[in-house]
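Only one chain is shown below, in structure tokens, and it's the form predicted on its own.
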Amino acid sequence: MAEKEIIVAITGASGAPYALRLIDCLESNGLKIHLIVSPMGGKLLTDECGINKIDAQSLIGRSSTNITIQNYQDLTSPLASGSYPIQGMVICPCSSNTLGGIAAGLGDNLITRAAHVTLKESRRLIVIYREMPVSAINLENMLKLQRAGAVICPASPGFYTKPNTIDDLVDFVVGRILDLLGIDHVLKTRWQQR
């Protein structure tokens, strides 16, 4: 069986801890990750997590051959072509700017181009929208993407698991993303009747 490959994109909406935990969980499950970080996503990683260098060691605390950093501006990347076999793409977190760019059909950077390729190939595109409040324009863009086949998954942690820490809240959102990708995990996301 071929190695599973997934694209993870980090944009400038607050929520870097979600992205880091997601990358860690995907890498721990043996997936090959193609990571694309927008310029504002890089700033977000610095501001929220103190990460100044984009590499596996900085992102997940260990080296890994399963994480490949892709250039945000490289539209010649294999990820810009539908012939490259990936399982799907997660944009985590997704800014309103990136959401709007994809909904408008822009492909002016590798994140928006890879998102379009993912949709046209009928692969799973999961958009972790993190901004609030939401304008009518944002809602229309979400609806456009959902109708095109994307899964809109706002970063909205549940409280029925009785979280005690911020990490518990992050794990809830990441667990839901893993569920959407069909990846087994042990993160607390399930409703337990009391």
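Computed from a predicted structure; not experimentally measured. So that there is no doubt, residue numbering starts at 1 and follows the sequence shown.
The next section is about a form of this same protein that is not shown, the form predicted in complex with a small molecule.
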For the interface check, one of 139 to 147, 62 to 70, 41 to 49, 163 to 171 should have non-hydrogen atoms within 4.5 Å of the small molecule in the model of the complex; which one? 41 to 49
Does at least one non-hydrogen atom of residue 12 fall within 4.5 angstroms of the small molecule in the model of the complex? yes
Does any heavy atom of residue 97 come within 4.5 Å of a heavy atom of the small molecule in the model of the complex? yes
Should residue 131 be counted as a contact of the small molecule in the model of the complex, where contact means heavy atoms within 4.5 Å? yes
